[in-house]
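This document starts with two versions of one protein chain, written out as structure tokens and named structure 1 and structure 2.
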Structure 1
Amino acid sequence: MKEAVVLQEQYRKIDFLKIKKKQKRVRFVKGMLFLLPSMILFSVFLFYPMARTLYLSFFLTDNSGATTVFVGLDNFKNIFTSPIFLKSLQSTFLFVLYTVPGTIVISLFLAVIANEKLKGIGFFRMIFSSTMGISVAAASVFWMFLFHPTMGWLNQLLEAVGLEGIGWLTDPKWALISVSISTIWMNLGFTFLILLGGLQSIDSHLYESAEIDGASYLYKLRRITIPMLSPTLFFVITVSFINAFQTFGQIDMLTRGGPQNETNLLVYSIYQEAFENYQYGTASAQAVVLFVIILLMTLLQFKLGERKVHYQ
């Protein structure tokens, strides 16, 4: 009894709330210290430009990007009534729809077959990841030749089997698909490498156990590999999404937005608006819209996705 009283006194003396607060503060400061370098650079090189972009989106500008006329939301009104911008939105979504699943599925396949312990597997892994080492500009050139309407390998192949050649980059029905194919190819290397890394860090005991249970290859893939890979997959999907929304280089090289604006993806449109047409105002408005779209998609992804992800 007496002890209890003493204890209570002691307990009272320690102001837990205060200590907790202090600890929270210490933890916060520590967290901030770890984040500080990144935060500073982000502020300078990302947030400031972003703020500037937002600011510019309410103005018209002269050729050097200086603001001239305040137009309020007119820039937004304009782009949303512009069929070109709407088309570009649509193309962007389609492009994302083609490339993200395409890239993920193919590179997952590659990662899975390259994850086996076989002789010379290192060579294959290098090949599979090699597209990562090829710059977008170089890769676009490769593909430009493959897509050539008459001499490209693709059409020659089609003609060899008796089919008619396709206007890969000139036919509005095909252009976006063609660009998507080349984009998938360009992204494969990177996605492959990340997924392979994810695969290899799965505890081998799990496979041993499943192997003993007599699980088939596909069953293991479905029940162990994919769920255990989910953090990596989540990462790859999120990043692919964002990257797909921001595709630029290959458009510039392969189609320049054509034919008929079919491949006029948002970032390309922004780039043209800003660097060729010197309409920084509308370009900024488009950039803001793009930002909001990606933000929403990513938020959605985090909300839905991160819950399904299994961390060990």
Structure 2
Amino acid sequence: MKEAVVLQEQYRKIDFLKIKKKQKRVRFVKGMLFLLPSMILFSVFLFYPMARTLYLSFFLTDNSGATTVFVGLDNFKNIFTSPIFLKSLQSTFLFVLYTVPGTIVISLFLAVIANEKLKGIGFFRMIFSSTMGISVAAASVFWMFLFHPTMGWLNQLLEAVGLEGIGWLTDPKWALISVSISTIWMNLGFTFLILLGGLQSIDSHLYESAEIDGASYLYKLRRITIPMLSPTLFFVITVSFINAFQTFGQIDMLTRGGPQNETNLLVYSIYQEAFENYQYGTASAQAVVLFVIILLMTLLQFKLGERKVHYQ
């Protein structure tokens, strides 16, 4: 009798384990079915292009992009000995240096102002975030008129105060700065909205406690606002770095990489090599270098920047 009871217990355990394994398999299949559309999209539009780019970087190609001769690392050696690519690399890092800090500082300043409880502040919030709704092409046309050497408002303003007009997009000294100014303006809306959302999520009781202790506005900004906003700042800085390295639209619209390759950023250099010079192997090598740079910058940002992030 006891043996029969023991056997029944064992059979129940076996049945239970079978049912549990079957449920796990069903859950796994359901999960994979939910992930399948995303996996297909990522494979077609991300993983395959990355693998194809890496593959092409080791070959010479014809005008149609078909591989002809395996050259190994020669494409990488050629670009790092090319003065045009090195100039493009330098211009890209300068562009990032100009745009990222400028965008973050101005957006943070506007977000702090817009976070104040003042009458009519909603109108200013709308104005500050309005650049988010303007396409790169439309914004570039707007800045093209502003930078025009004769009809542009900027030069007319300079001449009105007795100063000489500037070749904003034609002078090698000013071209990269001019494109950086327009890029900062284009990116303000998105960055402002994210930072404003971060500011509004800070607990108001922290400020009330600081006011009771007699803390000044600058002290609250330095000791409460910035530390509590650090997760949002970390996100914004990381995204801004990535977007700056991938800038293309305003370069194509405003300068087309000139004058004297001063604004020939890496993405535009890749575009020229691939679709104007039909050197797909060299273009792929440049794309791999750009990917590695963005990856290293992002990892460095996570390694160094996240230490100073204060999560609530």
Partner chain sequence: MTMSSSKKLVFYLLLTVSALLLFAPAIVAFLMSFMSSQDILTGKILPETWTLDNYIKAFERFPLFGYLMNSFIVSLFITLGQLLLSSMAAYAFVFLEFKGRDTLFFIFIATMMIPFEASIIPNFQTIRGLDLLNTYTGLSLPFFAVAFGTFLLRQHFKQIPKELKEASEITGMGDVKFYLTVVLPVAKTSLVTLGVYGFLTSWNMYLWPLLSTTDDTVRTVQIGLKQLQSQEQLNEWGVIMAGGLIVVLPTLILLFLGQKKLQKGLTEGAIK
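Since we're looking at a predicted model, the values are computed, not measured. Numbering runs along the sequence of structure 1, starting at 1. Take the two forms, superpose them, and find the largest set of C-alpha atoms that agree within 1.5 Å; that set is the rigid core.
- Both panels show the same chain in isolation, but it is structure 2 that comes from the form predicted on its own.
- Taking the rigid core as fixed, one finds a CA shift for Lys30 of 2 Å or more between the two structures.
- Treated as two rigid bodies, the chain between the two structures differs by a rotation of the smaller body against the larger of 29 degrees.
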